[in-house]
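Just one chain follows, in the form predicted on its own, and it is written as C-alpha cells.
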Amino acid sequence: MQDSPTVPNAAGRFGDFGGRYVPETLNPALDQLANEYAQAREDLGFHDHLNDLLQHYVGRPSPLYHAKRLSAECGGAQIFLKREDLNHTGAHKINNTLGQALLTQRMGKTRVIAETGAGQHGVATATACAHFGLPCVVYMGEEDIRRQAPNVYSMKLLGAEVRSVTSGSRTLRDAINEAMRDWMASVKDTHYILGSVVGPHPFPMIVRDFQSVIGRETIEQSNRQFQALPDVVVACVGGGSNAAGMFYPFIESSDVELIGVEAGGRSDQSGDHASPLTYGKPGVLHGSYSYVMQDEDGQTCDVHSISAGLDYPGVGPEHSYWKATERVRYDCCRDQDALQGFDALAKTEGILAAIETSHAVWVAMQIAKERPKEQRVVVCLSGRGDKDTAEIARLRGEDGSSGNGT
C-alpha cells in the first residue's frame, strides 16, 4: 500500500474534510484501530498474508477487459472494464473486508459487526468472518432487505446474523446508524468493519488503502496491454469505496481524467436523488465532515436511488477533497439511464453489471461516443448484477423468476 499525496493529517483531515465526530466512548477504539493499522502498514507479514488471500482466495488480479462490442456500439473511444465483478463474492468489497478482518485479529477483537445497503459488503464481511471463524452481525435496512433478497440469504448461509433496520428510510443510512449504536455498546470486544470510505478517521484512509489494489492493478495492466495509462477512468460513487480505490493511484497522473458518477435518481429535486457532491453542502454525517444532502435546517435529507448501494446522503471525505481541488469531476446518472447502461452491457458483452456499476457504465458510454477511437476509457466494474435482476424485473412489471418452461 502506497502513501497518498492526500494522506489525512493527524486529525484525519483531507484538506477541510474528514476528521472524527463521535461520542467519547468510541475514541479509544478508533485510536487502537489507527495505531494497529499504522503498525500493520509496516509489517511485511501482514502484507504477505493479505496478498496471499487476495490471490488465492479472492482471485486477484481481476482482469482488465476490452469491451469491443460495447465500444463499437458507442462508435468512439475504446471501453475497458476492470472486472471487480469476478472477485470472490462478486464485487470489490472483499478487498476491504479481508484486510479489516486481519486487523480485527491483530487487535484481539472477537466479534464483528457491519452495515450493508446493496448487500455486497454484508456478503463480503460474512465471507471474511466465516474464513477467520469470527461471529458476525450485519445491519441492513428493511427496504434494502426487500430489494436485495439473494444477498440476504447468502449472508445467512455464511453464518451471519442479519438484523433488519426499520427506522427512518430503512436504507443504508439507517443501517449505519444502528451499527454505530451497537459498536458504542460493544466496543471492547467488537470491531466494526465499515464498508466504505466514510465515517470517522481512520476508516476513510483504511478502506481507501485496501481498495487501492484496484487502481494499482489497472495501471500495471494498462501499461502492459496498451503501453499507456487510460485517458479517462470512471467509477460510481455512493459512499465511494470502489471509486476511491480506483482513483487513488491515479491522483498524481494529471493526464488521466477521473470521473465519479453519483445516483441522479428520478430528478434533481431534493429527495429524488442521492448526489451530495452535486447538490449537497458540507456537513457532519456518521462521524466525519463531508458533503451531505441537507435541508434548510441542516438536517440530513431523505435520498433516492434505484440502487441500494448508492442510496446514501453522504460521501467519503476524500471525495469531497478531490471535488474541492478539482482533481475529480463528479457527474450524475438518472435511474432510467442506469438501466440503459445495464441493458447495453448485457446485450453487447454478456455481462450483468450491478445497478450501482451501471451508472458508471452509462456515463462511460456517453464519454466514449464523444472521444476519438484511439482514446481509452476504463470503467471500474465494481460488482455483478445477479443480485439486481429480480428488482429490475419488478420495476419493469416483469416476472424475473420465470424461465422459458424448458
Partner chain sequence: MSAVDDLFAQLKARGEKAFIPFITAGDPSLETTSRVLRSLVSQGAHMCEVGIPYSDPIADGPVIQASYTRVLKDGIRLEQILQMLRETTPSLKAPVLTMVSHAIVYRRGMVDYVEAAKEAGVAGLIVPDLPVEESGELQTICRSADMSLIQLITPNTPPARTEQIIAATSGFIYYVSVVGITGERQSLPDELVKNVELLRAKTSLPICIGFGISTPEHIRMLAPVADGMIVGSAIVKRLSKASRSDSQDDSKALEEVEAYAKTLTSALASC
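Positions refer to the first chain, counted from 1. This one's a predicted model, so the numbers in the text were calculated from it and none came from an experiment.
The same protein has a further form, the form predicted together with the partner chain, not shown here; the description that follows concerns it.
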All three of Tyr37, Arg106 and His191 touching the partner chain in the model of the complex at 4.5 Å, heavy atom to heavy atom?
-> no
4.5 Å heavy atom contact, Glu252 and the partner chain in the model of the complex = no
With the cut-off set at 4.5 Å between non-hydrogen atoms, does Val187 touch the partner chain in the model of the complex?
-> yes
Are any of the heavy atoms in Ile392 no more than 4.5 Å from a heavy atom of the partner chain in the model of the complex?
-> no
Is the gap between Lys156 and the partner chain in the model of the complex 4.5 Å or less for some heavy atom pair?
-> no
Of the residues Ala324, Leu229, Val284, Ala130, which one places a heavy atom within 4.5 Å of the partner chain in the model of the complex?
-> Val284
Assert contact residue (the partner chain, in the model of the complex, non-hydrogen atom within 4.5 Å, options Thr300, Gln78, Thr89, Thr218) equals Thr300
Mind telling me which stretch in 93-101, 221-229, 174-182, 240-248 gets its heavy atoms within 4.5 Å of the partner chain in the model of the complex?
-> 174-182
Which residues, if any, of 17-49 lie within 4.5 Å of the partner chain in the model of the complex when only heavy atoms count?
-> Gly19, Arg20, Tyr21, Val22, Pro23, Glu24, Thr25, Asn27, Pro28, Asp31
